[in-house]
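There is one chain below, alone, in structure tokens, taken in the form predicted alone.
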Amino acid sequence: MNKLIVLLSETVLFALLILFLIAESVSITILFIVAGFLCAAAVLIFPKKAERIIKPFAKERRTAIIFSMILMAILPFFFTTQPYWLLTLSLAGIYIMLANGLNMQTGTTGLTNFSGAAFFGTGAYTTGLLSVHLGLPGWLTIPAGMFASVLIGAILFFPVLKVKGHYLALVTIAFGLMFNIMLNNTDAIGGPQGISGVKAFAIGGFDFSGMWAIGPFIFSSYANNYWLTLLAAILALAFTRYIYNSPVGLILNYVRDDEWSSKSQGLNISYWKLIAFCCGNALIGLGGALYAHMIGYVAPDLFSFQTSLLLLSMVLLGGMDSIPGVTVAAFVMIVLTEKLRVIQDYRFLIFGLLVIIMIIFRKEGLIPSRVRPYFPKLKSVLMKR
């Protein structure tokens, strides 16, 4: 029975997502958004009743995850004539990686980072330069972009190690601004015009910029990049979940919650902070590298302080140290940003108000981070007995 509820619920949500994306009427779009906010408000106001709805998903967790991945994989079949939304969903997948990378630093370890866009840009520019000037294939440029983000993050880590709190925030803000100024004023990497002509990702003899067909369905480069981004996002989420449920995640939480106590237990605080910073930047660099190959063009405008604030807003709205919450927040914010282009000048004002409201009334975010199960397998065995 629980499996049936999960399958039907996800199918209905999938159908509603498709209808929301293809809706061209502004009034219908606003109606969908209002209905979504009302549902979210009902969940927050009546948490006990919401738990009854969520309980089947908790009991059939594996079924829910596998079926949701299947639904997301077949999504391009519904947008063969509207590839723009595949591009938007691909961007949402990239921002899911970026936000979860930042969450590993800010949410899991407590390292406030206002320079997420700088590491995003490092991955994108490294990939772009290697692709355009050296002609390297994507399976080499993407790891190089990740490595460059980790390396730059390790360099920034030395001043970060010496400060904390508001001073840490100021250091990362300054670094982000310096990075953007450097991009705009360095002619060797394109200056304000950026880098164009970045090659599409290719593996073996398959070029992701090409078109192919399955029966009556014709898939363009948008579908190819969507599947690539979906796979990368799934692997990134699996990695962050593995870190969260491992002893490393427990140690990072310990460092965040009580640094002095963790020091007294013999933990090397600098080492574990560096681990969190590097792992988070690797995910952010991965997002930047995929973005460069997908769009084919990178410019300084995208890697501004505004993008860093957008990433941090995703973490705050979703819930600090909450992988599901940050993932949902990143997806919703990117999709809504595109759907609300009719109110171009007020989109980020609305998101800013949402962040303020969440901070005042629900600091833990949309999906709060749950209490960590220390022995989940032992608990499941005892529950069965």
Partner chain sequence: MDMIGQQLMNAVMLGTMYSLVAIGFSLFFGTMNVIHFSHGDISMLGAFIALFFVPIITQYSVLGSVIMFIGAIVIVAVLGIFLSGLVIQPLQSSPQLYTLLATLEAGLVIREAIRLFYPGGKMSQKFPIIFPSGGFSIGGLTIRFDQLFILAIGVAVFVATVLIVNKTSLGMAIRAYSQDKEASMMMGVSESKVIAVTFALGSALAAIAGILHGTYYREVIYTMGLTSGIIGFSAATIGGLGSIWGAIVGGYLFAFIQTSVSAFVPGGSEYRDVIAFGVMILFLLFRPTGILGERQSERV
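This is a predicted model, so every value here is computed, not measured. Numbering follows the first chain given and starts at 1.
Not pictured, yet referred to below: the form predicted together with the partner chain.
**Q** Contact between Phe348 and the partner chain in the model of the complex at 4.5 Å, heavy atoms?
**A** Contact check for Phe348: yes, within 4.5 Å of the partner chain in the model of the complex.
**Q** Though only this chain appears here, would Val328 touch the partner chain in the model of the complex if you measure heavy atom gaps against 4.5 Å?
**A** Although the partner chain is absent here, Val328 would stay clear of it in the model of the complex, with no heavy atoms inside 4.5 Å.
**Q** Does at least one non-hydrogen atom of Ile65 fall within 4.5 angstroms of the partner chain in the model of the complex?
**A** Answer no; every heavy atom of Ile65 is more than 4.5 Å from the partner chain in the model of the complex.
**Q** With the partner left out of view, is Trp260 within 4.5 angstroms of the partner chain in the model of the complex by any non-hydrogen atom?
**A** Yes, Trp260 is a contact residue.
**Q** I have Leu71, Pro216 and Ala232 flagged as a candidate spot, so tell me whether each of them has a non-hydrogen atom within 4.5 Å of the partner chain in the model of the complex.
**A** No, none of the three is in contact.
**Q** Which one of Ala202, Cys278, Val163, Leu136 is close to the partner chain in the model of the complex, taking close to mean a heavy atom within 4.5 Å?
**A** Going through each option in turn, the one that passes is Val163.
**Q** Quick one: from Leu129, Leu309, Ala148, Ala236, grab the residue that has a heavy atom within 4.5 Å of the partner chain in the model of the complex.
**A** Contact check passes for Leu309.
**Q** If you apply a 4.5 angstroms heavy atom cut-off, which residues in 291 to 329 are near the partner chain in the model of the complex?
**A** If the 4.5 Å heavy-atom criterion is applied to the partner chain in the model of the complex, 291 to 329 yields Phe305, Gln306, Leu309, Leu312, Ser313, Leu316, Met320.
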